[in-house]
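Just the one chain here, laid out as structure tokens, in the form predicted alone.
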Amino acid sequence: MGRDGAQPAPLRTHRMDVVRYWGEAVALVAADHPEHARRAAQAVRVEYEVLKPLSDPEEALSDDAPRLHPDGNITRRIKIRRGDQDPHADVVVKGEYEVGMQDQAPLGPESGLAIPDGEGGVDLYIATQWLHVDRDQLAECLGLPPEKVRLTMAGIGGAFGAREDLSMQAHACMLALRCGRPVKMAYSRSESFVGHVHRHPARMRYEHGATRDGKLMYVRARILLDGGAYASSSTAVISNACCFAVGPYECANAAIDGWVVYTNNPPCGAMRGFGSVQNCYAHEAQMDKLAEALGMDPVDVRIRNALETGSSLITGQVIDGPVPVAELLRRVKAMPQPAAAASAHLDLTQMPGGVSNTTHGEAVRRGVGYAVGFKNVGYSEGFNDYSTARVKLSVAGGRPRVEVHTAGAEVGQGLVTVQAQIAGTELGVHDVAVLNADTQVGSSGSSSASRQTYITGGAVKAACEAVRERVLALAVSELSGLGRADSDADESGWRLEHDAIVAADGSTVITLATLLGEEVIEETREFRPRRTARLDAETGQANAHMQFAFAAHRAVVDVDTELGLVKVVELATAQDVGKAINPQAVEGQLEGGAAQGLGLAVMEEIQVKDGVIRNPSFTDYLLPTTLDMPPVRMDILELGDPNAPYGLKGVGEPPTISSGPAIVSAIRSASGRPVNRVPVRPHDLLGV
């Protein structure tokens, strides 16, 4: 029965004739020319019984809402209870916040080439973030054993979570197997907008209580995410949104309730930041409110409550390793700020709106804002996280050569380079080839959760160490057999360096080319990080996460308070990266992450009305360009994680988490407006 006693709405089951969102595939057409295929697709006629779409996530929670799936509309609920549930606080601040739907906007749309092998199997060349999970899902879709479905990585034109789910993979393979011919499928830009998942829109209600000297006493939060028509990664995203709902702050008492629900909106799933982006807007706005209510500096109130090594999260997990939250905040605050433009020498191109608008700076106000965020690295809640690497050492063309083979997806984060760096460092060989990723080697997991350098890097390191042990053992055996005098030397100091085995004093013991000859040494190893546990259903307590990454940002913005326009003048950031294996790539990750944070803060939003995307193009979906992106001042710390290979940490997601909230904080400072929704629109700053 519904709340009002009425009968519940009829169940919408998993029937094949039910379409749950605009853009869901209903028919496939193959032709020998794209234009023929388009015309044939236009000739397909589908008769629909049109139902009223369920597009409001609040309505989806209602007992009398239509049930979009047999198990109801709630994809997952998270409940976290920590400490006293009726605590006292001297100062209480409340707020309601909303985050719009963001697109990953990869420059390369979804595409692939499926080739039947003539024996009932299929080879697929595809851009994806996880080859093996695609293979397993495809095998089930096609009714084939996994070994009959082989995937090879093609070039990836951006990912950011958009390629974690199947798009055209199954369709291309089905057509190839049916037609017995290779099938290429490529989405248009508008098809791409509906062909992959998006960032979950969020509605959040927060209450913070603190003592008069600024110490957090409790946090209460209600988080609602719109998951769209299918589950995708929603169950993990809502877990992250709740686990990190308080931010990187000590809080002894917490009550967090989170839901992610099904609607008839486009499906949502993984996107850079994975749940922590949404909550950071809320908890950082709350910390600004708290600072104002207490008459404290907003950075000081954050430092007052910053997590430290040994602190407990609201899930009860104790954080080990460096936790430099306070240090990151101090560093960004200490960085010099950009000088204000002199009124006599205004550069209108640097004003909000640029020269196309009427301002000459009369109503432009400058604001400064701060934010700090964190999230997990790697899989969580007991998910089996591991990676596999195969490393082969041989002699080619008279010189040693290392081949590294993993299934890790290079999505622009520099994984190929990192694998080559690790192999070259561990084996002392100059010629290192990283083979194309495919399913002919064991799984490397997904290129997501900032995990690949840690996990796949760890697997490459382990495989190289195994190869090195065999090489050194072979050297001892060969030199002893030859009766070499130096075979009695202390082999414990031998190492691989400069294509040779060298002694502790740096002298060459034997070159690898001489030692190996035609012999090939090959090792395959898995790397598995420490295990995690699933959240308790009633309390939300568990050691649910493997590693944590932290970042702080300061934003300087100019706001035209008469036009409602914003210019981000500068971003400053400090982040602990553990170990910068490739410093230039780390800088690129910090800049790229900040650009996506800026996009969500002030311009990027998928407009959905009654379940239909209204702006599925780069003409109408606004993305930051180089003209929108300000200089990024960086302070990169390398504090080292004792549990990780080389002490490294994932770096790709934290920049996206705290950059946007810092920008919105600065906008509030400049405009005096509350700004509780992102992206910030001109009318939000004009009170209309």
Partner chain sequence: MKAAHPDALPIAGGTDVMVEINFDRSRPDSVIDLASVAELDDWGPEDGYLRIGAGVTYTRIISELGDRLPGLAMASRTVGSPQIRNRGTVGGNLGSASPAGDAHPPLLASKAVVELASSAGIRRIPARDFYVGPKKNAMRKDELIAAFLIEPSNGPQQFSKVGTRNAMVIAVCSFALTLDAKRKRVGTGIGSAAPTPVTAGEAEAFMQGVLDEGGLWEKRGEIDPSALVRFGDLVAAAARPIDDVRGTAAYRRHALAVLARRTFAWAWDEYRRKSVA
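For clarity, every value in this text was computed on a predicted model and none was experimentally measured. Positions refer to the first chain, counted from 1.
As for the form predicted together with its partner chain, it is not shown, yet the points below apply to it.
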(message) What I'd like checked is whether G353, S356 and A363 together line its partner chain in the predicted bound form, meaning each has a non-hydrogen atom within 4.5 Å of it.
(response) yes
(message) Does any part of D32 reach within 4.5 Å of its partner chain in the predicted bound form? Heavy atoms only, please.
(response) no
(request) Using the partner position in the predicted bound form, report whether T508 sits within 4.5 Å of its partner chain, counting heavy atoms only. (result) no
(request) Verify the contact flag for A37: yes if a non-hydrogen atom of it lies within 4.5 Å of a non-hydrogen atom of its partner chain in the predicted bound form, no if not. (result) no
(request) Decide whether R614 counts as a contact residue for its partner chain in the predicted bound form under a heavy atom distance cut-off of 4.5 Å. (result) yes
(message) At 4.5 Å between heavy atoms, only one of the stretches 59-67, 644-652, 659-667, 627-635 reaches its partner chain in the predicted bound form; which one is it?
(response) 627-635
(request) Would you mind picking the one in I303, V323, L563, V441 that has a heavy atom within 4.5 Å of its partner chain in the predicted bound form? (result) L563
(request) Taking 4.5 Å between heavy atoms as the contact cutoff, choose which of A41, L623, L639, L51 touches its partner chain in the predicted bound form. (result) L623
